[in-house]
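Okay, so here's just one chain, in structure tokens, the form predicted on its own.
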Amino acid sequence: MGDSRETLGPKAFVTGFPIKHSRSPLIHGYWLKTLGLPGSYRAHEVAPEAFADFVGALKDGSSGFTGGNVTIPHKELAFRLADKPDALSHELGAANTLWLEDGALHATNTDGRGFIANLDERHPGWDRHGTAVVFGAGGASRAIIQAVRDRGFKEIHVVNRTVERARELAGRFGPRVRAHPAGALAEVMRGAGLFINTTSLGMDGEAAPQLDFSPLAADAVVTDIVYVPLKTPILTQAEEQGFSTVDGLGMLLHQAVPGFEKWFGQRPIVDAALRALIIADMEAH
């Protein structure tokens, strides 16, 4: 029965280089099964030099895919190759979700929406203060800054070891975004209601610097886009200092929702069973 469902329904993909560690097939496979929908979602590793041809086959229909997800290092090229990238991906210069519609390849970026939806689910009221500190100015910070700005935050302080990278983001996302060197961290944290780690510090058990969160507002929320481990060193430090925290796993789960709806025609929900499934997979690997 599972085989016939996969054969009959829409086909979607996740592509990157490498891609074998992606948990997206688990997420979408769970939704296809629980919703009883025909279709398939598979990981396809595509080298950078082959990505343009991969997209060409998607556009002309020869690949058989309805659309899919794009991850590192293909997000920028996916945006450039799409026929109709939306405003979100235009500002970011990167796309993570592609779909065919009316003969054209559309593109969007759902990372920021996933980030916001995770906070809304895990800690309602996280946005009450309107001031955020973004730790790190790498590629992962772009969609976060865009989403927090679009949520209505008045001040977004981007702190980075190389301040020029933070300045580039301030120039890209407008006057509410301000760039600071690492030494200004304590000062810009004063009274802020949201602290976001967008660096890879603490990923996979690596050490993270000791941070003093005491300048934050007393009811501030600290979140991390890293989700392996689920409780990162930065989240552990924040909890030990009495602050509420939100882990990064929900961002991965929620960013998958819009694409699934485009490809398979039904909007899925992020529930406790899906979260438990992904956590079990993380613990097994």
Ligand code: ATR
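When you see a residue number, it is the position in the sequence shown, counting from 1. Here the structure is a predicted model, which is why all the values come from computation and not from measurement.
Missing here is the form predicted in complex with this ligand; even so, the following discussion is about that form.
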This ligand in the model of the complex has a heavy atom of only one listed residue within 4.5 Å, and of 140, 211, 147, 179 that residue is 140
Of 161, 90, 154, 190, the only residue with a heavy atom within 4.5 Å of this ligand in the model of the complex is 161
Only one of 195 to 203, 97 to 105, 80 to 88, 117 to 125 has heavy atoms within 4.5 Å of this ligand in the model of the complex; I'd like to know which. 195 to 203
Examine residue 167 and determine whether its closest non-hydrogen atom to this ligand in the model of the complex is within 4.5 angstroms. no
Although this ligand is absent from this view, report whether residue 136 comes within 4.5 Å of it in the model of the complex, heavy atoms only. yes
